[in-house]
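Below you will find one chain, with nothing else, as structure tokens; this is the form predicted alone, and questions on how it binds or moves follow later.
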């Protein structure tokens, strides 16, 4: 990550106006969006959108030809190109043919993508943005910070200052007055413009129609007042049928701004008449710019299902801290990272893809049903293939992949840490390591790893066996979680085995793009965990569960390691999350908890992988209630705590900012107990509470349940 990019992150985090505006919007967005979708089956709707858009992405060439033919038949001029320079030249040539001097534009990400405005201005043309947010950032000499809300990073005072300079009159920050100034200033530009330029939200092949969606009506004015209208349309906006408009229009306002309906929907089919009875000159530029290449890529074709609602930005815990000027180029946030890699260059996405914490929130909210985190991981993999691993990464992964060396080093570290350990925490580290304990205390390494402790646990013999996959944190830091898991499974009559050959699940390597390393981790663990005939392979770490159930298979498939896939699938069938399994055992009457104890109020934090990938959220809550706990739900219980595995080491400032928000929400509940199902989340939240001096006890759900077994 470049020093300039790191500096931009630091500046964004220190900007209270930015974090305040984005934070307030994202908080309100989730609740408002839920209300907007009330009565609508979101899963069914986004499945339909994904099907229609996936069909279009698989038939781009045919649909582009059909659209062009139908649009021309209705009087439009259609130009298709894959070269952004040709788009710019086409627009300039039209302007020269018309003798045009003044251009008005409605919001168009495609024109932003090819940097059209500076090109035309360099040629002596006046170009005015007419979307209010776009006009504000144009006056500020900035680029949009959000795909739907371009000026969300600016305050009303900022806008008042810009408008005051524009009209040479001192203005207050009174919003109605500012809106009226914008209306007056832009009205004359609409009336005097020679050409209007727009984008399009949808292009319908069946009819050759363009669909424009706005809240201000400016796109309608851009398309109707000037005698010439040029629409620049990325070919991913194509759909096959006119009826395909409806699902997109149903989702777009609800996902973008939590509105039931957008204010203006304009459907343009052929040129409209001018006031003198002549027809407008309608030009439609179908722009490719590597979209066809993306459509031919079996993994990234999915990204063309995007309807540009920006919901992935609205729910991203990182975006709301740093904004689009840091997290993105022209296109921002998670989807912007992917589009930047294709429309610009893979190298251009190198820094911004590192901002993704892999919480999966965007995937849950995406109306196009795009696996944005998965595609970002694929970008990381391709960057590693193209550029190789850094020397530091190579060294770390070489150690991690050598199980004996890795474990020997951890055992040695448990002795070397003694000068820094106090009460089970490492609160301060020297020199360049001090960053890691600035905002969060670290757990000390256990005196003896769980694999050693396990041998001393007396267990009942049983025909029903489960292998425990501990993962690194339970094995070497939180051995008490492993003991609680064994105790609970034993009480249900299950004998637990601990395969000695198990090692790191490979998540750090995979999330860094080092798939070869992750594949070796996968093979080592598959071999170890299947060496005994067990009914289940149980994990108390959701990240590890996801690795065993899904990522081993995905990693091996991506590298063509097909010989290992049958065993990887056999392991996936056996792998279960701890809380999910215990819920089944309780429901079957094989486990129960003590009655009569006073309810202990606590709050519960949802691990990202547990809720969003494994779809487990109600089970641990139900278990905790049955065990006599009263759950006080915290605000944003399912928002990332900022751990993100190695993310907390690579981007500690962002990790800390997310953690501080989580701690604030915990404090607001008024309880002094927290439960979580992920050892990484326990580490992050427990360390944050200790550093902040909060009298809050943070434990894994397994520990809470083991304490109250009957």
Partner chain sequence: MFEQFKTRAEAVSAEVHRFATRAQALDFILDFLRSEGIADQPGAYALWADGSFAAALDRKRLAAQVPGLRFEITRDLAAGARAGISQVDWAVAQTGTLLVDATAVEQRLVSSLPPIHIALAETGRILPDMAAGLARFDPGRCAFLSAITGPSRTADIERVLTIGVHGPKRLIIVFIDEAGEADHQ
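Residue numbers count along the first chain shown, from 1. No experiment lies behind these values; they were computed from the predicted model shown.
Same protein, other form: the form predicted together with its partner chain, not shown, and the subject of what follows.
Q | 4.5 Å heavy atom contact, residue 201 to its partner chain in the model of the complex | A | Although its partner chain is absent here, residue 201 would stay clear of it in the model of the complex, with no heavy atoms inside 4.5 Å.
(Q) Considering non-hydrogen atoms and a 4.5 Å limit, does its partner chain approach residue 281 in the model of the complex? (A) It does not: once its partner chain is placed as it appears in the model of the complex, residue 281 has no heavy atom within 4.5 Å of it.
Q) Counting only non-hydrogen atoms and a 4.5 angstroms cut-off, does residue 190 reach its partner chain in the model of the complex? A) Yes, contact at 4.5 Å.
(Q) Does any part of residue 487 reach within 4.5 Å of its partner chain in the model of the complex? Heavy atoms only, please. (A) Heavy-atom contact with its partner chain at 4.5 Å: absent for residue 487.
Q | Listed residue (534, 477, 553, 132) with a non-hydrogen atom within 4.5 angstroms of its partner chain in the model of the complex | A | Residue within 4.5 Å of the partner: 132.
Q. With its partner chain left out of view, which of 171, 385, 272, 399 would have a heavy atom within 4.5 Å of it in the model of the complex?
A. For this set of options, the contacting one is 272.
Q. Can you say which of 571-579, 245-253, 118-126, 319-327 gets within 4.5 Å of its partner chain in the model of the complex, counting heavy atoms only?
A. Going by heavy atoms within 4.5 Å, the stretch is 245-253.
(Q) Going through 464-486, which residues have a heavy atom within 4.5 Å of its partner chain in the model of the complex? Please give them in sequence order. (A) Nothing in this stretch is in contact.
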